[in-house]
Structures are given as C-alpha cells and as structure tokens.
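Given next, in structure tokens, is a single chain: the form predicted on its own.
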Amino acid sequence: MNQFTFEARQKATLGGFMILGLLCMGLTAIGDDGHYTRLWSNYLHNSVFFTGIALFSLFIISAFTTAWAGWYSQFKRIFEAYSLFLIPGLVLMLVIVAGLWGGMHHLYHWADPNTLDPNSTHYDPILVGKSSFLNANWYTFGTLVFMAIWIFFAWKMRQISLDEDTNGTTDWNHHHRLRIWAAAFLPIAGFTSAAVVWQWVMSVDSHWYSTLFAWYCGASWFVSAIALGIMSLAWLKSKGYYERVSSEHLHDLGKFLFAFSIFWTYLWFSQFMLIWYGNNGEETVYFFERMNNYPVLFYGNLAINFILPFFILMRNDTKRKYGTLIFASILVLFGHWLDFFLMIKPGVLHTKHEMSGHHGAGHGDAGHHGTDHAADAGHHVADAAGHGADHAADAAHGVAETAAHHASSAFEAGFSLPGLLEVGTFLGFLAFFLYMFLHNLSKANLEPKNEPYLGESYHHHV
C-alpha cells in the first residue's frame, strides 16, 4: 500500500490523549501559584520539545539529501510530515510570546522590568548587560521570523518532493532543486536554532550561559526525531505499509540512534567538564544546582540517554530486532523529554521564588540567594562587631549552611520531579504531534515517485 489512510479509530484514540493532556493542564492550574508557573512551564517544556523535533526532522532531510543518502528515500515522507508540525509549533510558541507581553507568566527573570530599574531593590546589573538580547522584542522577533523561515523551507521542500511524484523526469531536475534548498537550509538552521534556543531555554537561567548549549539541545532534538521515526516506521509496517522496508533500514536508523546518543553524551560531558574545570561561579552554578537539588534527574539523565541505549544498541543484532529497537527508542524519547525538563524547571522555579519575594524559602537557586543574603547579613554583623568579627562570620556561615540545606531538601510538585500531571501533559502533546503527523502523511504517497535513489533504497544492504 502506497497511500496511508488516517482511520477514525486512530483519530479518536489520539483525540482521547489530547483531551487527557488538556485535562492535566487544567488540573495543573488548580493549586498553582498566582502566575500559574507550573502550568506555563509545562506548556513551554512540551512546546519547545516537539517544535524542536519538527525542526530537526527538516534538518535530517536536508542533511541526508546533501550527503547523497539514498537508503532512506522510500520512507522520507515520515520526516517530511514531522517537519510540518512547525506550523502548529509556531502557534504554540506565539502563546508564550503573548504571555510574555501580557505579563501572564513569569517564566523568564529578565522579563521583570524591575531588574532593569536602578532604583528598584530587584535591580540586576548582569541582566542589564544582557538586555540588548534578552528582551521581549528580540524574543518575539526570533520566534516569529526564524520560525517563519523554517516553515517556508519545510513547505518548499515538501512541495518539490510532491511535485516530483507527478512531474518528475529522468533528468532529476526536482532532486537537483531539492539539493539546493537542502544545502541552503543547513547553515540557516544552525544559526537560527541557536538564537531561539538561547531565548527559549537557556535564558530561563538568565545569569548563566554556555557556548555549547545550542549544540547540546540540537543533539537532543536530533536523536528524539530518530527515535520517534523508528517507532512510527515500525507501527506503519505493522499496519501493512512500507513492505519493502527491511531490517537493513532499521539497522541504519538504529545506528543513528546509537551514534547520536553517544554524540549527545560527548556534548554533555564537554559542557560539564569545561565548566567544572574552569570553576567560574557564574558558570558552575548551573550544574551545582542540578547536581545538588535534582540528583535523581541529573544522574538519571545520563543513565536513560546514554548508558541504557549504549548497552542495548551496542550489538549489531539488537539494531535489527523490533523489540529492542523500539524499547530503546521509547527510552530515548522519554529520556530527552526529561532532559528538557531538567534544562527548564530549575531556572523557572528560581524565577518563581524571585518574583514572589521568598528568597531562600524555596528550592534550587532560590536557596543560593538565601545563602547569599545570610552571608551578607553575617558580613554586616562582622563589620559592626569589630573584634568579634570572626565569631560573627562563623555564625553567618552556619546560617548560610542551614539555608542551603533547607533549600536543597525542599520538594515542589512538578518542579523537583515530573508528576502524573506532567506525564499526562506530555502524552497530550505527543498525541497532538502524532495527529498532525498522520494527517499530513495521509495527504501524499507514502513512497515518493520518480525519486532517483528509490531503487537503491529498495535494495539497501548494510
């Protein structure tokens, strides 16, 4: 069969999960703080995660096309359909933009105008120095303009691919045009994705920065797209589609899952090791916070996204078996969703406490601020005490340690660990992504026609 039929039963099942996601988001709002921080952070987390998968699906098509890859040709429509989620992804991110302008959420500390006011007690000279980039105008411009460029490339490459089905000839003109568009998109994707991920995710921890962060997020999105592609292809084959897709194709997809799990770990370690070795407090605070206050997520991140895929997929035969390959793909997809949870939630929680004025009373970075205030208080006592300065300083350190311990031991639902509402929201967003994917998949032939490498894909052998 070369035409996918999106059945009513499949629509109903995905619709049910989407309703579950909406229900979980509604329940999240109950008992949330005045700015619905848990709700908004869940929304940001999932919107960024699935929009990034769509972007890197387009990146995969562009990279494979530029590299003269032929083995994936018969199922490239899967990644084409993924890439079209960029359209609803833009809508999702514009909700964040609207909330930013309307003051409906406090996801970003830099968005508080008091941090830029020299007369305010919340004045922050570091954020003033970054304000030329970290501001609502830049956030809106990056989201709207850069995503519009991505959508244009996704639409254009999709149109060329579909037109090749009906008007393609043996001079391969469509493929040559596709190669030009693909090669042009790669550097554009590299620069623009870095700019928006700095805005969307890295600026949640607005005092912190890393030159490797965009690479790190990109690798996470890439391997998530591969994992989802493996599961989609296996499901479609179980329904009688893609009969010519063999264990050889699954083996190659499994190699990408294996290799880019290692590449993600390489980037994780490079970022961690260089920052930790440099021992610059402005940089190490990011990892110090997560290692001390989120140890389950911090070490679990490495276990799920590196150790388990590495040992499961290391053997050749496990990359040819549906069971192990699908199991590894589920681990990787959920593991990188957890990875983005760990990127976003600690910084949002810190901003939540900053905005509520409860320094040191919460969890995470707020605890560090509590430590700072306690230490500052100790220094004032020391200055006033004269000869008793040493005793006052010792007392201050004791207070600081107590504040830090209290902050580290605090637990906040939906921030310290994902709860059932977070998982339900994830399933709702996943169902929405898959609904749009299957809808777009049904609009074209599953296998492209007049594709120059289609024969090579049919007879692919590793």
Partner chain sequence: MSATVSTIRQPLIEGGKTYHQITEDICTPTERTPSTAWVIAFLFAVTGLAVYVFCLAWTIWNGIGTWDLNRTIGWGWDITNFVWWVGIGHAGTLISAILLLFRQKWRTGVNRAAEAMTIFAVICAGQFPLIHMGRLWLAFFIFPYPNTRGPLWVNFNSPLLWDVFAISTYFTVSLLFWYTGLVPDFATIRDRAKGIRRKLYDFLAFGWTGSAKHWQRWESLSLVLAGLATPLVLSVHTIVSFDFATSVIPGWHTTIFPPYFVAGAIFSGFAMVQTLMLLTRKVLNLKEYITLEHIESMNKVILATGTIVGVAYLTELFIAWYSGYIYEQYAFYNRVLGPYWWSYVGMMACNVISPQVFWVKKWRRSIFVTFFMSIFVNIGMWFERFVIIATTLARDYLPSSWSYYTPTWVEIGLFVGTLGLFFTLYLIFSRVAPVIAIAEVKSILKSSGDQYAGPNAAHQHAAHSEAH
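Just so we're clear, the structure is a prediction, and the values are computed from it rather than from any experiment. Positions refer to the first chain, counted from 1.
The next section is about a form of this same protein that is not shown, the form predicted in complex with the partner chain.
Visitor: Only one of 299, 191, 123, 235 has a non-hydrogen atom within 4.5 angstroms of the partner chain in the predicted complex; which is it?
Guide: Checking each option against the partner chain in the predicted complex, the one that comes within 4.5 Å is 191.
Visitor: Have a look at 85, 221, 337, 215 for me and say which one sits with a heavy atom within 4.5 Å of the partner chain in the predicted complex.
Guide: For this set of options, the contacting one is 215.
Visitor: Report yes if any heavy atom of residue 187 sits within 4.5 Å of a heavy atom of the partner chain in the predicted complex; otherwise report no.
Guide: Yes, residue 187 is a contact residue.
Visitor: Considering non-hydrogen atoms and a 4.5 Å limit, does the partner chain approach residue 321 in the predicted complex?
Guide: Result no; residue 321 lies far from the partner chain in the predicted complex.
Visitor: Is the gap between residue 101 and the partner chain in the predicted complex 4.5 Å or less for some heavy atom pair?
Guide: No, residue 101 stays farther than 4.5 Å from the partner chain in the predicted complex.
Visitor: So in the predicted complex, does any heavy atom of residue 163 sit within 4.5 Å of the partner chain?
Guide: It does not: once the partner chain is placed as it appears in the predicted complex, residue 163 has no heavy atom within 4.5 Å of it.
Visitor: Counting only heavy atoms and a 4.5 Å cutoff, which of 344-352, 149-157, 87-95, 126-134 contacts the partner chain in the predicted complex?
Guide: Checking each option against the 4.5 Å cut-off leaves 126-134.
Visitor: If you look in the predicted complex, which residues in 438-462 sit within 4.5 Å of the partner chain (heavy atoms)?
Guide: Read in sequence order, the residues that approach the partner chain (within 4.5 Å, in the predicted complex) are 451, 452, 453, 454, 455, 456, 458, 459, 462.
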